[in-house]
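A single chain comes next, written as structure tokens; it is the form predicted on its own.
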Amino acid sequence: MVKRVAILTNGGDAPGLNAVIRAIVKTAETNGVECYGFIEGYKGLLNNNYVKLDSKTNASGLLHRGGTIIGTSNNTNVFNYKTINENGEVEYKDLSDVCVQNLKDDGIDCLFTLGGDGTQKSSRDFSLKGVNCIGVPKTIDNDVADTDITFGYNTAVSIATEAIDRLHTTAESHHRVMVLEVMGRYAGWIALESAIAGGADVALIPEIPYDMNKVVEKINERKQIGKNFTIVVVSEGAKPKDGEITVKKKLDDGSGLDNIRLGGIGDKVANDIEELTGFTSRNTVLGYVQRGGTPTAFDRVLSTQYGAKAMELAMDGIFNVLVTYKEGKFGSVSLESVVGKNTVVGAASGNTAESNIRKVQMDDRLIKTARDIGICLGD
């Protein structure tokens, strides 16, 4: 019987995290289960820093709140933890056994891991050490394998769509090309769906290396029919044909982590367009606005259902799985399925050959719809 469970939120913050926490806590209390939260993700698990969660006190009034009340970390891989030895040299250590012992000492029967592909990779690695884990897919990028939609994504798309709506007025008034750079890392879901929702003319996504000549053709076609402005949405991970992704900064967060910070592709696209067309072009980087603040009603409901389902699985004794939402139904898949070929304990997730992140496929209905309504995808 599950008597004590714990939650951690890891990776980038996303709208709906607090709603998931609230749903797990409430469902736990309904079934007489105590609930705890580790502070700042896997870092809190390593330091055994946790709080008791209670729907009457600290886990109350969370539905509309962005962020996460228990904090998060996106630079902690306890299986490859960066330390400084007595000689002042960087040394990487596997400290996962410390975390396992903390869970045993705390009497935790199940650990809920709220996060994206990196978080779920560590969750899978902990499951191999005997920890009962249940993952809940969180990321605005919508790139977690085996689930149709992650919580936080709908809010990000809604914010990007509103930005496109606002850029339309300036673009049309000044006869400009307005470029909007959105998040998504190596998956183009936010760019593609917000472009459709916002009536953009061009959408450049990581899955389709773009030809700038095709973008120019689209701009000139619009000019010929009297449309002296264009809206371009570009995902931060987009890249030109025979080119590379644009890296803003290389980090040193540690081995086993994605140490690349993307950014700058919007400026590049805007500059290239202005040089090739003569149209004044401006870039707007939406940035962290996409994942901050109040979640949409859709994400509140989705997050609540994810949280409740996670606790239901724990009560049924179903562990080492990811809660999924596929074809309108909630279910689960093994964490082994989520990591795919990325099976080395402590290895990085993200844009590697072994990773199993969910990218836009060319037969996806969104691709077909974008082409049907005349959105240029750069190919």
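Since the model is a prediction, treat every value here as computed from it, not as a measurement. Sequential numbering from 1, following the sequence displayed.
Note that the form predicted in complex with 6-O-phosphono-beta-D-fructofuranose isn't included here; everything after this is about it.
Put simply, Y92 is far from 6-O-phosphono-beta-D-fructofuranose in the predicted complex: not one heavy atom of it is within 4.5 Å. Proximity of M183 to 6-O-phosphono-beta-D-fructofuranose in the predicted complex: non-hydrogen atoms within 4.5 Å are present. Using a 4.5 angstroms limit between non-hydrogen atoms, R300 is distant from 6-O-phosphono-beta-D-fructofuranose in the predicted complex.
In the predicted complex, 6-O-phosphono-beta-D-fructofuranose sits beyond 4.5 Å of every heavy atom of V234. For a residue to qualify, one of its non-hydrogen atoms must sit within 4.5 Å of 6-O-phosphono-beta-D-fructofuranose in the predicted complex; all three of N74, Y288 and R291 qualify.
Stretch-level contact check against 6-O-phosphono-beta-D-fructofuranose in the predicted complex with heavy atoms at 4.5 Å: of 80-88, 226-234, 183-191, 99-107, the positive one is 183-191. Just one of H175, R166, K241, R261 comes within 4.5 Å of 6-O-phosphono-beta-D-fructofuranose in the predicted complex, counting any heavy atom, and that one is R261. Though 6-O-phosphono-beta-D-fructofuranose is absent from this view, in the predicted complex it lies within 4.5 Å of a heavy atom of just one residue from V179, A195, I205, I140, which is I140.
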